[in-house]
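Form predicted alone, single chain, as structure tokens, below.
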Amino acid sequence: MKKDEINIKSALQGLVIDLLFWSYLWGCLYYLAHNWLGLILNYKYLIMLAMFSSGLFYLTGDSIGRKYFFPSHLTSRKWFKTLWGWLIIFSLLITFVVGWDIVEINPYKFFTKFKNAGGITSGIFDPSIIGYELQTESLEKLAEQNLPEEIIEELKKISGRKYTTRKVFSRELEKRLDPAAYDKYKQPILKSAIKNTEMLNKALTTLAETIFLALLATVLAIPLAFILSFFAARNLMPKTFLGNTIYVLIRTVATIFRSIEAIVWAIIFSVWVGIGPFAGMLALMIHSVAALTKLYSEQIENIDSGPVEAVRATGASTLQIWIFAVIPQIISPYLAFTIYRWDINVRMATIVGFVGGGGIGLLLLQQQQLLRWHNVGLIIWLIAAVVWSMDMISAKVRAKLSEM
């Protein structure tokens, strides 16, 4: 009787899988027919087609559901000699085609619209490290050097304007002066211009803000995740109603919080506490608690049970078992996970800044919206340098910890 129940369960599971598969396949085919041919079909007909197809192929004994849950002599053959094997290949091809259409992939645009990226490309290759500006004292110096009055008057028109790079400033001079005057007076004008590192200073300040934002988010997440991980480990929780409830509750909450991306949390906290690094820190902390709880608890589940049983045999309490039998086995991997999480948070801190989470991401968004591509280029290089440095450092530290 028990074997019959198992067979019925397997048969139902196989039928459900076939129904889901054919619903997906007919849905993809209808999407393509609707988009390319303008076909309009009531959804009830798609459901009927899915039910008919799943039932028909299930009864033939050569379907995907039968293969994995209720095998027949037809499903035991090599995949390329079976219907279910070719159905999987066909579904993968259809999935690729539907994905291509939904994402609107257009190689022609990619190869012919590169000129649209001219601004950001020039900004990356010529970042705004030193800015140039003509001020009153600059014009006075040029007048002392006996520059023609008409050139001084032309330069007064751009006095007070800030130029992000030497190249941008030179291009502006070239537009305003005739070629002969430009060639003759370019160097004196460049020397008299006031140089500043205003953008570089601002970018470095927000970069430091980003690093500390990520650091605090990680540090504040560690104790919460550390404690929760013991209650989220299956091998440590008693097989009682209360133990199972706590385990399932913490695992579920951690999964939900982890599935909500940090950028979404940043939007929530930007409304809650206002735009700034505090909102970004809270967003990364919540996401880090959920992620570290999962990583920590899985590490606990993989510990050697021998020391746990030995300490338990002495009559030790649950807390004593955790302290003397569990923690010594997880210190090194916990530190490795924590450093890796900080590395992730530094990168994610840039993204949360785009939605009001503060840091260099917010500055990047502002400069991009103002089309100041040379400033954008500077910020991109700084972010890349920090991420690269963090990646190298964290990789070495984690390698050392794994050897302990």
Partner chain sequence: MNSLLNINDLHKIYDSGTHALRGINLDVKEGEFLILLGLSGSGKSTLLRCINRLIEPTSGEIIFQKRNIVKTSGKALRTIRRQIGMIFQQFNLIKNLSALTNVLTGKLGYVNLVHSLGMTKIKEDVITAEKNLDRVGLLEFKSQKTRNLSGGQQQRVAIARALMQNPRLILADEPVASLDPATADSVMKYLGELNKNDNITVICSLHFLSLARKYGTRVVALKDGQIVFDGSPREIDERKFKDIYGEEAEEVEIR
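This structure is a prediction, so every number in the text was calculated from the model and none was measured. Residue numbers count along the first chain shown, from 1.
Omitted here: the form predicted in complex with its partner chain. The next part is about that form.
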property	result
Candidate stretches 120-128, 310-318, 185-193, 270-278 - the one whose heavy atoms come within 4.5 Å of its partner chain in the predicted bound form	310-318
Partner contact for residue 323 in the predicted bound form: its partner chain, 4.5 angstroms, heavy atom	yes
Non-hydrogen atom contact residue 328 with its partner chain in the predicted bound form at 4.5 angstroms	yes
Heavy atom of residue 104 within 4.5 Å of its partner chain in the predicted bound form	no
In the predicted bound form, residue 179 touching its partner chain (heavy atom, 4.5 Å)	no
